[in-house]
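Coming up is one lone chain in structure tokens, specifically the form predicted alone.
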């Protein structure tokens, strides 16, 4: 028997089998990862910024997360679901403008655009989307606006701004921050819960309306300066010296004040 000829055959078969196995393994891996990888496109850009820069971001659908940080620059990161939206940020002398609606006019189908934006702590923030959650954290600027024209949650955490406005149609609103003297704070929803976590020593004029549920929980903030009207649908009056203004409206949801 010619053992030499057999030895020359086995390595070739082994190599061929190994190649087939490797090809199968790669195909299997790609079958799991390809849809996730190919479904997104990443956009990233950084701009130098002054401490008092304003971010104005208008989205169609997708999440927006804005975070304050200790750098004089604005970092924009977006993950775009296919078909990927066009994004053309503008740096307009103290204002960063991102308008996904404007940049995609005439396009019938555009995938979600999910943003994470880092800005200086003292920035003004103005963000809006049609559908998707909005989150703003660690902002000490003068203005924080977070509006959802349809469905999604608004979460504002560690905020110290003089003017705050949070709105949605369906979804929860959570505010965790201070109430500045002479400040204005507005929270509006149609269905969901509105929870305000503020310092106990806050002073403000209050107008809170829960038209359908009559569910307004004042907790530690109830005082003689407040009165319940409309058979429980509204609470109006003053807490402390009433220097700031808080307006809360929830048509078919609840309103709660929580001690910070």
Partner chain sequence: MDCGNFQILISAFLDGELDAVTREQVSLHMGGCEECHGVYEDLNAIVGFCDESFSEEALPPNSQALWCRINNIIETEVAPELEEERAAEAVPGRIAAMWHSSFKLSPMQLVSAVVGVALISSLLTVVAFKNFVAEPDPVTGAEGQPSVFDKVMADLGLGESPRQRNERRIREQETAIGYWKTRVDLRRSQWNAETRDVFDRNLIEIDKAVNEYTNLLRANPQDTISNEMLDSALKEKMELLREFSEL
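The structure displayed is predicted, hence computed values, not measured ones. Residue numbers count along the first chain shown, from 1.
Beyond what is shown, the protein has a form predicted together with the partner chain; the following relates to that form.
Using a 4.5 Å cut on heavy atoms, which of 206, 196, 57, 49 is close to the partner chain in the model of the complex?
-> Of the listed residues, the single hit is 206.
Candidate from 77, 131, 87, 178 lying within 4.5 Å of the partner chain in the model of the complex - any heavy atom | Contact residue from the list: 131.
Please determine, with the chain shown alone, which of 65-73, 215-223, 49-57, 188-196 has non-hydrogen atoms within 4.5 Å of the partner chain in the model of the complex.
-> Heavy atoms within 4.5 Å of the partner chain in the model of the complex occur in 188-196.
Contact test, all of 145, 156 and 260, partner the partner chain in the model of the complex, heavy atom 4.5 Å | Not a single listed residue reaches the partner chain in the model of the complex, so no.
Residue contact check: residue 93 to the partner chain in the model of the complex, 4.5 Å heavy atom = Close contact is absent here: in the model of the complex, residue 93 is far from the partner chain, nothing within 4.5 Å, heavy atoms only.
In the model of the complex, residue 239 touching the partner chain (heavy atom, 4.5 Å) = Contact check for residue 239: no, nothing within 4.5 Å of the partner chain in the model of the complex.
Should residue 103 be counted as a contact of the partner chain in the model of the complex, where contact means heavy atoms within 4.5 Å?
-> No - in the model of the complex, heavy atoms of residue 103 and the partner chain never come within 4.5 Å of each other.
Is residue 170 close to the partner chain in the model of the complex, meaning a heavy atom pair under 4.5 Å apart or at it?
-> Although the partner chain is absent here, residue 170 would touch it in the model of the complex, with heavy atoms inside 4.5 Å.
Select from 232-246 the residues with a non-hydrogen atom within 4.5 Å of the partner chain in the model of the complex and write them out in sequence order.
-> Counting only heavy atoms within 4.5 Å of the partner chain in the model of the complex, the contacting residues of 232-246 are 233, 234, 245, 246.
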